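Starting off, we have a lone chain in the form predicted alone, written out as structure tokens.
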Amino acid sequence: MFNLILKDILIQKNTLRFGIVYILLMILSSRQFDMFLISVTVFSYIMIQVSSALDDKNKSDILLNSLPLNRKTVVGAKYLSTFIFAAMAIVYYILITGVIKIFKLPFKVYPVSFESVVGALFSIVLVTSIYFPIFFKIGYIRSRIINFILFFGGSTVAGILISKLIENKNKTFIQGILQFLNNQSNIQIVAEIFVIMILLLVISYVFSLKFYRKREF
């Protein structure tokens, strides 16, 4: 499994270089909002997409399934790669903001907090938990349209929901949610988020493995 994850990293040298530029531009593009969550989520997702595209282009599935590899290993490696990509994106962000602070450049940067890392991981898990079963069911080429809808449509819906929540923050339902969260400690909230992430990953993995086992190469 380690070699499969390493393969997904090594074949993306250009994407890794792009990541530095992309995250830097995201940081510099906004002085009012913390771009950590967006930049880490988007770059991680780009890494996943490029890895899937290159696997499809190089017919990697045919090669992998000709080797003595269990399909559980192939699917599991894809899921673990997601967290490796996220870790790389977080390191990029920390290094870039560190350089900005050291050289006292005239750009506002936000510190990386534990809460922001958890938020970014949840965002990545949510998107990939939906995408991977589709990818393992129909492959990269046919999943591109669904991926487009998932990524941009999901972002649009999330933006609308957030704006609606802000507009209706005084309504009873929203107040109830806020009150519920206020009555919980940070540890409880983080624990609940991790439980949700684990459930999403397990359900997604089960479907991905089921679909991948049925595919013919």
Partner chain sequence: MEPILEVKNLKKNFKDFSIKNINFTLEKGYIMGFIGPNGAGKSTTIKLIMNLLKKDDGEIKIFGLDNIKYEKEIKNRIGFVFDENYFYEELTIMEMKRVIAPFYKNWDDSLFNKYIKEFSLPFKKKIKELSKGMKMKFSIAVALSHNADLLIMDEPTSGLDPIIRNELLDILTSFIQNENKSVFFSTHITTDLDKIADYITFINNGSIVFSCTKDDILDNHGLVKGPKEILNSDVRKYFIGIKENQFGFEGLIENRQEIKRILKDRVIIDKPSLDDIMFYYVRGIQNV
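Here the structure is a predicted model, which is why all the values come from computation and not from measurement. Residue numbers count along the first chain shown, from 1.
Same protein, other form: the form predicted together with the partner chain, not shown, and the subject of what follows.
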The partner chain in the predicted complex reached by all of 129, 192 and 198, non-hydrogen atom within 4.5 Å:
no
Interface residue in the predicted complex among 46, 54, 38, 27, criterion: non-hydrogen atom within 4.5 angstroms of the partner chain:
54
Though only this chain appears here, would residue 71 touch the partner chain in the predicted complex if you measure heavy atom gaps against 4.5 Å?
yes
Contact of residue 42 with the partner chain in the predicted complex (heavy atom, 4.5 Å)
no
Does any heavy atom of residue 63 come within 4.5 Å of a heavy atom of the partner chain in the predicted complex?
yes
Is there a non-hydrogen atom of residue 11 within 4.5 angstroms of a non-hydrogen atom of the partner chain in the predicted complex?
yes
